[in-house]
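Before any questions on binding or motion, here is one chain by itself as structure tokens, the form predicted alone.
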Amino acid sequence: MRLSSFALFFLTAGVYMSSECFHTEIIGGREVQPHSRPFMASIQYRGSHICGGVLIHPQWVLTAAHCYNWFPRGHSPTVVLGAHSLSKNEPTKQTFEIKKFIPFSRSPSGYSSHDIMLIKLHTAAELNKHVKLLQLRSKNYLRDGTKCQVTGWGATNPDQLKSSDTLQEVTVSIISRKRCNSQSYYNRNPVITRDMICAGDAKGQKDSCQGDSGGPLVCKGVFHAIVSGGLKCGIANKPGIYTLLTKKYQSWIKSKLAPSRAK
């Protein structure tokens, strides 16, 4: 299944795809200390969490490009910052309308090619201890087996695809591009390119899945990638696929953010 087309299966904010679809949720993780990940954004439609995101500038959130296709045309989602519980009326929350979406490519090719997008908030966020930025400083090289953390409000049970109310996190291991493309893994379907990276668990018990798209993969304190896709949830030889924050993407992000600094 193509990552660029699986959004067609998402009809409304309350309807979730089957576990056969590309995954974007936390499996085998645990709840984080409330507000300990102040860079996390919840992208919502009619009050329901759809995708994760990362605050990288007071007025900009980084997420996965395929998330855009999950929102009906003419109905703009909102971005919520400073949240831990999605249902509780937390005083730390800041909610924003969206000014514009800027995908890296408006006509992606391949399965999950260029699955990265910037969201400009209508107004700048107020930075405080509950709402902070996550800096882009990835050097791109990730050794096979490196332990990383992925964070999100995605479902915690692959058989019950329902978003978690509280923010969850799980530790996964980097899987080399060569191994992830091998016959016993994705068999080059999709092809894991230099702009992508795989991460998972040898037993398939720790993973990202539905609801976590656009959330961060942080390795040794460095923001390296965002959740993109993968087949099913928590399958050992079908690990999560992430968009790697390569120099190409970092340069593009800086070029888009530059004009906002002058305003």
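One-based numbering along the sequence shown. Please read these numbers as outputs of a predicted model, since none were measured by experiment.
Keep in mind that the form predicted together with ligand 4AZ is not shown, yet the notes after this line are about it.
- Backbone and C-beta atoms of the displayed form come within 2.4 Å of three or more atoms of ligand 4AZ after its pose in the predicted bound form is superimposed, which defines the site as blocked.
- The partner is not drawn, yet in the predicted bound form one stretch among 53-61, 39-47, 203-211, 217-225 has residues with heavy atoms inside 4.5 Å of ligand 4AZ: 203-211.
- Interface membership of Lys232, defined by any non-hydrogen atom within 4.5 Å of ligand 4AZ in the predicted bound form, is confirmed.
- Shown without its partner, the chain has no residue in segment 84-105 with a non-hydrogen atom within 4.5 angstroms of ligand 4AZ in the predicted bound form.
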